[in-house]
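For reference, the chain that follows is the form predicted on its own, supplied as structure tokens.
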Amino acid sequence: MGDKPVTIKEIAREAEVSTATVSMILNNKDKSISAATRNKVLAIAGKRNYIPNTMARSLVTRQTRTIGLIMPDITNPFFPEIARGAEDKASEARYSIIFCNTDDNLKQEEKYIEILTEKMVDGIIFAHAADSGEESFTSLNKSKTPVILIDRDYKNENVKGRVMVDNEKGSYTGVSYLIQKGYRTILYVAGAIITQTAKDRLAGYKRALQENHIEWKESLVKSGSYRSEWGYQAVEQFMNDHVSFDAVFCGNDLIAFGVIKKMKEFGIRIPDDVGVVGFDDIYVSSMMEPALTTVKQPNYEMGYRAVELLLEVLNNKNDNLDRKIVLNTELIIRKSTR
């Protein structure tokens, strides 16, 4: 027999049953088949080292049991935790994940959507670039592959579900805490305020100020990218413009790292002179000096629930529900606020 893989037909011949019976047993659809027959077929398959032909099966079932996962920036520690949660749930359900990193590049997003569609993935979990607008994703418009959005929202007919956090509430909680601690002039160093996520965080910042009778000033807000380099540059710009402040709320933890680094260079004491709050609670936030007060996102759960939601969509193909899961954030208090 050599090294040639055994086929279902050969297993059926040796077990003296039909190929349909073998197929049902190997695909766990054998409720009407006797235990004796099932055990006999599985024993032969095990003895002959049967390996399922997933390509052939996918042509018949039109399912590849693969999921595309598109992430914007794998160097940001926030996103690997999402990927880990997604992979754990996919593995539980015996699905494989094809991982794609776009480096926050819109052309890369388009390319990966096309590639995943060509590979016939059953669904796509997608956290799009921070600069993506409503005009983006022409490939997504052409594809019929169901999409679950994660972290960042976008309107498209192929989007069948969303896993988000309450960004407005999270931002509101972080800024309100700064005010409770006596900080009054609070800068907001944001990422690009294009996505709904970014807009909601800005709205939470504004609401916290207004409810505490602090005037909202556009001059205290700067938007850029979700990288530490931007936080560093933003503080330098505020200082060069002679803007006085006693706290900084940041669009994510990476921005906060850059903010803290630049303020240390200026000799500003944290938290005595200036308090800093981030957003995400990536694993290095607790190791900073000082350790960062931040709004924690349940990123592992976001990835896990996104796959869970996609599987629900795949099992209910005929309904047109737009499923949405909104998870809560948590304020983690450390040493960057007094």
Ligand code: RIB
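A quick note: this is a predicted structure, and the numbers were derived from the prediction, not measured. Note that residue numbering begins at 1 and tracks the sequence as displayed.
We do not show the form predicted together with the named molecule, though everything after this point is about it.
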Item to check | Contact of residue 201 with the named molecule in the predicted bound form (heavy atom, 4.5 Å) | outcome: yes
Checklist entry - Counting only non-hydrogen atoms and a 4.5 angstroms cut-off, does residue 78 reach the named molecule in the predicted bound form? => result yes
Next on the checklist: Contact with the named molecule in the predicted bound form for residue 252, defined as at least one heavy atom pair within 4.5 Å: yes or no?
Outcome noted: yes
Checklist entry - Hey, in the predicted bound form, does residue 293 get a heavy atom within 4.5 angstroms of the named molecule? => result no
Checklist entry - If contact means any heavy atom within 4.5 Å, which of 239-247, 207-215, 109-117, 150-158 contacts the named molecule in the predicted bound form? => result 150-158
Next on the checklist: Exactly one residue in 145, 173, 101, 197 has a non-hydrogen atom within 4.5 Å of the named molecule in the predicted bound form; which is it?
Outcome noted: 197
Item to check | Interface residue in the predicted bound form among 226, 257, 188, 183, criterion: non-hydrogen atom within 4.5 angstroms of the named molecule | outcome: 226
